[in-house]
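In the block that follows, a single chain appears as structure tokens, in the form predicted alone.
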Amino acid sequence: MKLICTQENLNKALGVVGKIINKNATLPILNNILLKTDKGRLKLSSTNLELGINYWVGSKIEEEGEITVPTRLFANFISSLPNSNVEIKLKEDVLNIKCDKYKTNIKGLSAKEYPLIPKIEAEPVFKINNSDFKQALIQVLPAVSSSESRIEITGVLLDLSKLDQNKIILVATDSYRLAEKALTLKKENINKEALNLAGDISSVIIPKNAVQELIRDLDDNENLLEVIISENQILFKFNNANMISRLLEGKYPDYKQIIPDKFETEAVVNVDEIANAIRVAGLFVSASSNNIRLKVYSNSNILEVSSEASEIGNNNTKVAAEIKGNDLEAMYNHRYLSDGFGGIDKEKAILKINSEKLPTVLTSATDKDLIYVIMPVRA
């Protein structure tokens, strides 16, 4: 192997592929990153056996070759180099690196020992703007369950049943709250035939760690993300990279049945004001309960946010609201409520309540594609 590439591009690639590497004592080679020449470019690959990431860097290739090197050492060294050309040469199992006045040798391990990262040879089921998909993932991620007792809800559901209507739906729940985000696709960016070839799949469940990695790696731009699906794996192609993940097995719960379609009271509030009131109330929650109370006063168009902890004190904040319906009050987990309003990226939100025993729904006043459902806490 002998090649030249820029420090900037190589450092960016390492920032993507290096993040999924965790210290592995059982298989030490998984602590390494694979470097391989590939069709005139340098290909960097990493895997933790659940996720695999490939990233291609434009390079001047003089000799073909492949090697694995310690990820942290290699990444830290490259990030410390000046913004200049990097010359890489492989001699046996030692990688020689030169950049301006810097020169180093890093001992590697044979690429033959590196686990094979799976490939999906298929056409994309759909394409979508990087920024749109990333924002949707950010909005639903907080509701993903962290409990391993129900594996099927430890990931994000990607519902493909409405592709005929140019829509996909992302869903997450931990049984106490639920987030649903619908995304509209351009018709020319949908390939229903590719989905049929994959086995006419109507939905898949993407693991939480894959979702978190996508959020880190996707740029906030209008470039198209390609999504390719097989029976038990999903592949995301974006920019100069791709990421492949296994899919979670199991049947996702029929979440639609818990979303009420009628409400006793609705309150339209300013998102920034209510979010700040909830943040302040969170300073006075009890360590054992973490709960805050909301009271709706329809006659005065006031939404009151309060909390109390005997060992600290109490707090009460009144927020102006446009209210339809009856006076109501309910108690909620502070963090769950904060996450709900935090996911609404519009100026106004609608809080829809029935009683202290039934699910409460949050939506944007102008964007009905995001629905956040939270169960009140019984006092």
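Nothing here was measured: the structure is a model prediction, and the numbers come from that model. Quick note: we count residues from 1 along the sequence shown, nothing fancier.
Keep in mind that the form predicted in complex with another copy of the chain is not shown, yet the notes after this line are about it.
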property: Contact check for Gly40, Ser286 and Arg335 against another copy of the chain in the model of the complex, heavy atom at 4.5 Å; result: no
property: Among 222-230, 245-253, 145-153, 104-112, the region lying within 4.5 Å of another copy of the chain in the model of the complex by heavy atom distance; result: 104-112
property: Answer option from Phe263, Phe77, Tyr297, Tyr176, heavy atom within 4.5 Å of another copy of the chain in the model of the complex; result: Phe77
property: The unique member of Ser131, Asn276, Gln212, Asn270 whose heavy atoms fall within 4.5 Å of another copy of the chain in the model of the complex; result: Asn276
property: Any non-hydrogen atom of Ile312 within 4.5 angstroms of another copy of the chain in the model of the complex; result: yes
property: Any non-hydrogen atom of Lys318 within 4.5 angstroms of another copy of the chain in the model of the complex; result: yes
property: Proximity of Val280 to another copy of the chain in the model of the complex, heavy atoms at 4.5 Å; result: yes
property: Distance check, Ile169 to another copy of the chain in the model of the complex, heavy atom within 4.5 Å; result: no
